[in-house]
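One chain is shown next in structure tokens, namely the form predicted on its own.
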Amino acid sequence: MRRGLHGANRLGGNSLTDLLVFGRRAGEGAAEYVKSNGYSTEIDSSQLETEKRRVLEPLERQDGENPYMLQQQVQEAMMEHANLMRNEESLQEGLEKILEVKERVPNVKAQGSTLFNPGWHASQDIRYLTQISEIILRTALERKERRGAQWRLDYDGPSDELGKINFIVKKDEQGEIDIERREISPMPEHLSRLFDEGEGHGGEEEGKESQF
């Protein structure tokens, strides 16, 4: 659930704006963070070899899972359990289905070579599809409220407490998904003042309309 420039929504046009503006800002911020904290930009060759082996494994495997079938199962689970209207029981059921697929992902198999091979690409994609699906379900379970486009049918409306919190997703020491609650920084005064002025203007307009 996004709560940012356009509020709590999942509208396509708004998402493109976010991608263009905040994608660039995130990239520049990440680069600056690395430089300012003294991290080395050198990559250990052993790490490269490990990742290369992982990426090529599906092509070398004689038997294994069909990545397209796993993709279909992820899509069906997310459509059924992570749609706009959801509840804790359904979200939990969806999470169990995604975790079951996640266990099978390391055994995907692809035929052919690395050249123009959609099957090999799918064997890579499914790893990230299951990861982001798990993140969506776990954070939706944590946000025990109805807010914006998240219609939790087991809650009546937004929570004042959760309205002050962002959920930050990290990897724990075992490389698994870990969710941290982080308080949202107060809105800068020059921005909050715009909202106050807008409310005042709206009140005047409403007052004018009520006279007729």
Partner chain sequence: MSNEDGRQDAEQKDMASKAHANVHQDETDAAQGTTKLKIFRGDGEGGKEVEYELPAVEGMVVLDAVLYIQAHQAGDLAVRWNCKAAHCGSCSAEINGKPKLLCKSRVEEYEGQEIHVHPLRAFPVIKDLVSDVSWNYETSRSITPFTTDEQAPFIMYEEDVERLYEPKKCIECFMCQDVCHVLRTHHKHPEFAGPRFFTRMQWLEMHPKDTESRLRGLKEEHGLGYCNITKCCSEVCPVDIHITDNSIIPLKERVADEYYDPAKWLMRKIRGRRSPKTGEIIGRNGNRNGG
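Residue numbers count along the first chain shown, from 1. Worth saying up front: this structure is predicted, and the values here are computed from it rather than measured.
We do not show the form predicted in complex with the partner chain, though everything after this point is about it.
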Contact with the partner chain in the predicted complex, heavy atom within 4.5 Å, among 62, 37, 41, 46 goes to 62
Interface check vs the partner chain in the predicted complex: of 138, 127, 97, 104, the one with a heavy atom inside 4.5 Å is 104
| message | With a cut-off of 4.5 Å between heavy atoms, is residue 68 one of the residues that contacts the partner chain in the predicted complex? | response | yes
Notebook entry, point to check: So in the predicted complex, does residue 142 come within 4.5 Å of the partner chain, heavy atom to heavy atom?
Noted result: no
Original post:
Does residue 111 reach the partner chain in the predicted complex if we count a contact as any heavy atom within 4.5 Å?
Top reply: yes
Since only the chain is shown here, I'm wondering whether residue 80 would be in contact with the partner chain in the predicted complex (any heavy atom pair within 4.5 Å). no
When the partner chain is considered in the predicted complex, the residues of 114 to 132 having a heavy atom within 4.5 Å of it are 115, 116, 117, 118, 119
